[in-house]
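A single chain comes next, written as structure tokens; it is the form predicted on its own.
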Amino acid sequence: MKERNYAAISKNILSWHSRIDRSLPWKVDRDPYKIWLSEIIMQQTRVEQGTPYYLRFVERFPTVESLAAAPIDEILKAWEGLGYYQRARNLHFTARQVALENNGNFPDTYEGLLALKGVGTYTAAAIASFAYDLPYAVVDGNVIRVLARVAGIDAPVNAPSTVREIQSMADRMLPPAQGADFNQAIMDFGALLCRPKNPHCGDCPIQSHCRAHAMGEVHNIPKKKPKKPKRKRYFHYLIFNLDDQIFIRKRRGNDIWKGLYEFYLIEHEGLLTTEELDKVIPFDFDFHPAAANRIQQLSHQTIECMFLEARIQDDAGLEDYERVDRKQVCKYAFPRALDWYLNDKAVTLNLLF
């Protein structure tokens, strides 16, 4: 593509953007803390889902110092439902790093931002551009889709060579004096006009530059490498009731949901019947199904959860678990499948949410 085409595309996208109003709460100022927070929350998250979380985080943790001072359990609880909990742990680590080691000041260079935990090339470019107006092209999923269609890229966009090609296009398209404006404009362009499905090609101001449109391939671009089949796992959760308390434990190790709470767990290679469970449960209690099974889809795994309840007389065998008043369970952070269960069983467990 010729340089004059890059310039024309940039100009047309900026002109289009000047006529629309996509109000997002983190666009109101250039506070690097709020921009960083929004970028971490919005990773692999739709704007509609992530915006309420961003607003709650800003209200609860208005500064990086307040986020750094909060216990990790409080942050995980605030993050509950967003998934990819490693983002929340990185958020806390980086907040402490910035607050304690850099007097609450975020790095003001791309390289310094890239050194922060949980900050990759996209997030570093976004903060550098939107907070400090540095000339770095921000390439998110929307930008990838726009540029892949413009260039008519037939190769998978998650292939390293294609990633480099698209980044090079974005860098060459970035107007030196309007970098931040253009970065926001092209992301909004992808979100609102050049959408994954049902793109508004008839309203597109760069249609004449779009090879995918010329080839009739808009709906087939971008392409991605096929994903590997998801691993399937089967979790059988046992909810022990003792007086007005239930037993929970924080997940540890390097498995999914690290740092979140759960009930007594039996994992098996397949879903067990209640009769089969009787043979593997190391307790002599009568368990009964407590709710419908829940399936939670993760990026590389599918988790099916079965829930069973039992009333017990003592905590023998459960010494490693916390006894929690059922009315206080809502204060703990659980994986989404367990949170669904707790909400469904609020009356049975006398939970107050």
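Heads up: residue numbers just count along the shown sequence, starting at 1. Computed from a prediction, not measured in an experiment: that's the story for all the values here.
Just so you know, the form predicted in complex with the DNA exists too; it's not on screen, but the next bit is about it.
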| message | Is it the case that residue 213, even though its partner is missing from this view, gets within 4.5 Å of the DNA in the model of the complex, heavy atoms only? | response | no
| Heavy atom to heavy atom, is residue 118 within 4.5 Å of the DNA in the model of the complex? | yes
| field | 4.5 Å heavy atom contact, residue 145 to the DNA in the model of the complex | value | yes
| Partner proximity in the model of the complex: residue 42 to the DNA, non-hydrogen atom cutoff 4.5 Å | yes
| task | Using heavy atoms and a 4.5 Å cut-off, decide whether 46, 81 and 184 all contact the DNA in the model of the complex. | result | yes
| note | The listed residue (122, 235, 106, 263) that reaches within 4.5 Å of the DNA in the model of the complex by any heavy atom is 122
| query | From the list 90, 178, 207, 241, which entry has a heavy atom within 4.5 Å of the DNA in the model of the complex? | reply | 90
| request: Sort through 273-281, 217-225, 242-250, 97-105 and report the only stretch with a non-hydrogen atom within 4.5 Å of the DNA in the model of the complex. | output: 217-225
| in the model of the complex, residues of 249-274 near the DNA [heavy atom within 4.5 Å] | 254, 255, 256, 257
